[in-house]
Structure formats: C-alpha cells, structure tokens
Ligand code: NAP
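Given next, in structure tokens, is a single chain: the form predicted alone.
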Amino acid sequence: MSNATAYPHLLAPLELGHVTLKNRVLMGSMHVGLEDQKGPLKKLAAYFARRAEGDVGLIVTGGIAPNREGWTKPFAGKLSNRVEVWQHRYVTDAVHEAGGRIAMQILHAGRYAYHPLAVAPSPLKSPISLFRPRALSRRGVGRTIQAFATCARRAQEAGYDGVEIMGSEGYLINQFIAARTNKRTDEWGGDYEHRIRFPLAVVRAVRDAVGPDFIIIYRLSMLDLMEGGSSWDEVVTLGKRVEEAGASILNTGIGWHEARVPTIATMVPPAAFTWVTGRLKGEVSLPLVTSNRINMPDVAERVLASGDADMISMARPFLADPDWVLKAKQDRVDEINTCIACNQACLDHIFRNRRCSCLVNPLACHETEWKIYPVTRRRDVAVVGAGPAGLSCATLAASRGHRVTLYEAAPAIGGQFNMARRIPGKEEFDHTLRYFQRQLELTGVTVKLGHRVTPDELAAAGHELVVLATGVHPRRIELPGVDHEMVRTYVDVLQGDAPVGARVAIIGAGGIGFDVAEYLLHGTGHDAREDPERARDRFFADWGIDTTLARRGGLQPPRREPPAREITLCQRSAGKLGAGLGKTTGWIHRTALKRQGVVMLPECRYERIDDRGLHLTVGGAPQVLEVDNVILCAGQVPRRELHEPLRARGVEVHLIGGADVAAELDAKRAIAQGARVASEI
C-alpha cells in the first residue's frame, strides 16, 4: 500500500486562508524544560528543528508565560520584552531553516503557578500547588489581557507563525470560565456570560495585536472532567464566540490537571477522546484539532476519515520519534519508535523539575549534547540479553558501524517486556518490540535466539567487547514456608501462567506488585488486546466518563465489573503503597486497585506461610491472610553469571540494565544505559 493511499487524510494539506499547512499533523504543546534556559534558546531550537526536519505540519511550543505572575514556576519561560524576543529568534530561525512552521503557546498558570506571585480569578488554592493565589483586581484583569496581547505581538516579532492561547487544562483562562474557581461578583464573574468575558477579551486583544495574517489557535476545554465543570451547551457557546473573536483554529483540551481521571497515560485507549471533538463539528466553521493518545498513523487516519477532526495533535509521539510523519509518508510505519504513554521520562521528569526525555528515545531533548557518530574503528561486539537494554545497545552500536552479535537464551526478543506487555493497559509495549525487531533487521545485527551462550563460547568467538544485558531473576526471601506449594513468583504468574486461586496475597508493593495485582484482577490468561470499542467502553465506565455529555464536566459515577479475585497487597515499609510509582501515574494505579477492592497493608512483618495462608504482623497486630496463593514480588537480583568468568579471560565487559542495577525493572534507565554504552564504544 502506498503512503498516499494509506493516509490520504493525514497527509493532505490544510488551508488556513493566509497560509497552507503541509499536512494535518500538529506537534502539540508539551513543556520539556528547555523553555526555561537562560540566554539564547539553542537547545530548544535544536529540539524543535529536529522535529521540523521530520515534516510535521505545525509545531506548538510548550507554554510560555505572558508575565511573571503567569509563570508555572520561578523564572520559567516568558515572553514580554525585546531581550526575550531575541532568545526566541533562535527557535523560529532553526525551525524555518528546517522547512517547518511553529506557533508559540501562551500559557498563564493562574492558581496552578508554583510560586508566591500567583494570581487567579478568586483566591482559591489548587490541590497541585503549595501557594494560594491572589485574586486579580479589575485593573489586574485588564493588565493580564494586555499581557496576552503583548506576548502575542512579541511572538510575532520573534518570527513565530502563530500563537496558541491556552484556555484549557485548568489554567487561568479555564479558571475564569468555571464557576468552581471563579467566585467573583464583578463583571468578570457571576453567570456564564460574564465568566467567558475573559477568554473572549483575550482572543480579541491578541487578534488586534497581531493582525489578520497570523495563526491563532485557541485551546478549548471540551471536557473538563471536573465536578461543576462546563456543560456541553456552554462549550459550544464558547467555541462559537471564540471563532467570532478571531481564532484561526480550535484545539481540544481534555481534563484539568487536578481531575481524577487519566487522560494520557498508557491505560487510556488509543484515540479515546476524539468523539468529543467530533461533537463540535458542524457547530463551528473553524478547523478542529483533536488530541490525546493518538500515536500511530493508522489511528490518526481513522480519526480524520471518520470526520471527528480536521487535524491531529500529538506531543509525546514526537519525543519518541521525530521522523514520525516522514516514516508515514515513506511507507516505513514499521520503523516508527512509538510512544507507549508511560510518562516516565517526560511528564514525570517535568513534574520533578527535571528536563524531559523519552523512555524509548533517550536522545530526545538532548540533541545538542548527545550526538551519535559513525565509528572510526569497527569492533566485534557481543551483546548478551535481548531485553530493552540489550536491544537498545545492540541496534545503536550496529547503526554506528560495529559488527554486533546479540545472544538471547529465550526463543524471542523482549526480556522483561514480554511480561510487562501482558498487563492490562500496557499492550503498547508490543510497539517497542516491533520497533526493535525492525531495527535489528535494518542495522544488520546477527541475532542468536534460544541460545544460552557460555564464557568459553564468547571468548572463542573473538569478540573484542561483551555487553552483558542478562537482566534479573526474582529475589528469594527468607521466610518459613516460602517453598510451600501455594507460593508463586511474579515470573511464574506472568510468564509461566501458573494457576492462581481466588484469594491472593502479594508480598511486595512496588511496580511489579501493582502490575501483578492488575493482571490478576482481570483473570490469568487475560487477553490485553481486546476489541478497541469494548476497551473504550470499559475505560469510560471504570472512570465515570459521561459520553452523552448530559452531565456538567462529563462525569458520572464509575461502574466496575466484579473483580476476578480477592487480593491483598502487602509491603514492609510504612506509608502509602506504591510510593515509588510514577509521579504522574502512581495515583491512577492506586485508585484503580482500590476501586476493585484490593486491600493495601503497610508495615507488614512476614512471619510464615503454611496451609492456612500468610501469617504476618501488621502495625504490631498479628493476623492471618487465608489465601489460596502467595505471590512474591519482593525485588530482583542481577544475573551476572558471565561477568567474572569473562573478566578472568581478559575480555572487556560492560554491565547494563538489570544486570547492572536490578531495582524495579527500570526500562527507562535500561534503554538509556544501553544507548549510552553503544554511543561510547
């Protein structure tokens, strides 16, 4: 199938009157931490230029504040003066030289600001900031509207092709719109007509400042997912009024940051929210952009062909693969390094005040620092272990010109990913394995599967260097009765399909413990690759999303199917279980398990296992969990059997991934470490 036939809607140009976008792909706004650098924004320029080279239709930057009060944090990215115009020129020049177009998002954080200068419509503290905002005075409201206009004009001076006005996700504009955060009694508060005066005044002021031939995207919160959020009729009204005020494009915002519904994490089905954008089609005449969990060309094409939107917004997929559009155009979809929505190196980093990157592409946001050069001397390299670390190392080393042999004891590549992808909500790990399989073919790696290599064989083969990515095995705990027939390890369950009864105790409440609990709640043998329509319906029911939009904010009481098992999750330490889970996803996993009746016990001292079950002391009180099975998820130990024998033979050896550090099967660290070693040998 040719690219033109496969994706005719996705790759079609989009007319905006004064400008034509080359295709229907918008690189959506995402803060990556490079916006906040002092001086010329050269790192940000390199990051965006690399995506422009990949042929994306229009790039939107991460949020840039229009004034200091609008900062997301102290000294975050801002554009309000001529010095900052000069800084941003590096970005726009680099993107235009690469043949791309770029718009700058203007974002005022409002009560989400993490600093003492925060302002909002009303002095209501948000649950995601330590700082209570100051209520804007009437004059302050006027100054803020002018700040948006000045920022847009500065963006135009800096060479941007347009701006996006951030009116969703619970930031300042959204705070004016919603009655729950706008308690004002003046002309900027009260009924809906008065509450939307602020966003409309901002759009009109921006259009007046930049003239007719400049793109203005308005990010409209179409589904607040908050109690007391906007009704659907109000969303439609605002969309129409924003069009009248001078916007060029309407983009879709889904959920506030404080909403207790996942919207972009891996358990959210692909394109789960595009129907919301589709509901607005026909109500406005502006092009509509849809978003959230669209990561492959066939999904994007299907959304556009169905008429739900005119353009697709993706942010994290361009962290994973800057050449996403080019590969779609060139019929190389199997080469796309797909975003798996894990959030581990992108959003988790940002919310910990670290620079963004990507689990499956550690080069993202490090374009100026981590350069991959062809080798000057070709070496014979052996990589032992075809899990994430080994695959990353082998393919990158081979792409640089080394002669690489990859040994794997199992009959297939993937390592621990082959267990992880069986967890409901982690189906897209399949994409990562598909990507690496293709890279092995393209880079010419010699792959030996089902082959448990020995030190003598490695030494006799004449490999100049050996990289051990041999992974981990479960840690054995010292506990009376640990060899009882009811005891299983997580490997027994996830890889060996060991039978598990209806009542289960899990020892260990880290990421693996939570994954095993989720797997068992759906029943062993669960087929994670269920019908997409059924998966969406189940997701909406589980999280209480009202797809009729009859209720304000799009929320309704969650509905859940009865769980397949009674599960108790135990941990030794005090505090909440799963404290080490992802910053932006841990709450999702805890909420999902609690709703399914999983009992979570901290401060457990394990005494013994016998025919009655698991004997333990919890908070000083002895108890017995009368269960059918006890599953051990209590850590891992590196597999290093080859390490010392190889060193004794004088072979240069590197340890990567779980073979180096076994903690929590960290795929982010494993892939990055594999790439780092491959880039240096």
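Numbering starts at 1 and runs along the sequence shown. Just so you know, these numbers come straight off a predicted model, no measurement behind them.
Note that the form predicted in complex with this ligand isn't included here; everything after this is about it.
- Judged by heavy atoms within 4.5 Å of this ligand in the predicted complex, the contact stretch among the candidates 475-483, 374-382, 198-206, 299-307 is 475-483.
- Residue 518 falls outside the set of residues with a heavy atom inside 4.5 Å of this ligand in the predicted complex.
- Mapping the unseen interface onto this chain, residue 33 falls outside it, with no heavy atom inside 4.5 Å of this ligand in the predicted complex.
- Among residues of the shown chain, residue 573 is one whose heavy atoms approach this ligand to within 4.5 Å in the predicted complex.
- Although the partner is absent from this view, residue 426 contacts this ligand in the predicted complex, with a non-hydrogen atom inside 4.5 angstroms.
- Site annotation in the predicted complex: the residue of 239, 287, 510, 563 reaching within 4.5 Å of this ligand with a heavy atom is 510.
- Though this ligand is absent from this view, in the predicted complex it lies within 4.5 Å of a heavy atom of just one residue from 126, 344, 292, 568, which is 344.
- Residues of 633-659 lying near this ligand in the predicted complex, listed in sequence order, are 633, 634, 635, 636, the criterion being any heavy atom within 4.5 Å.
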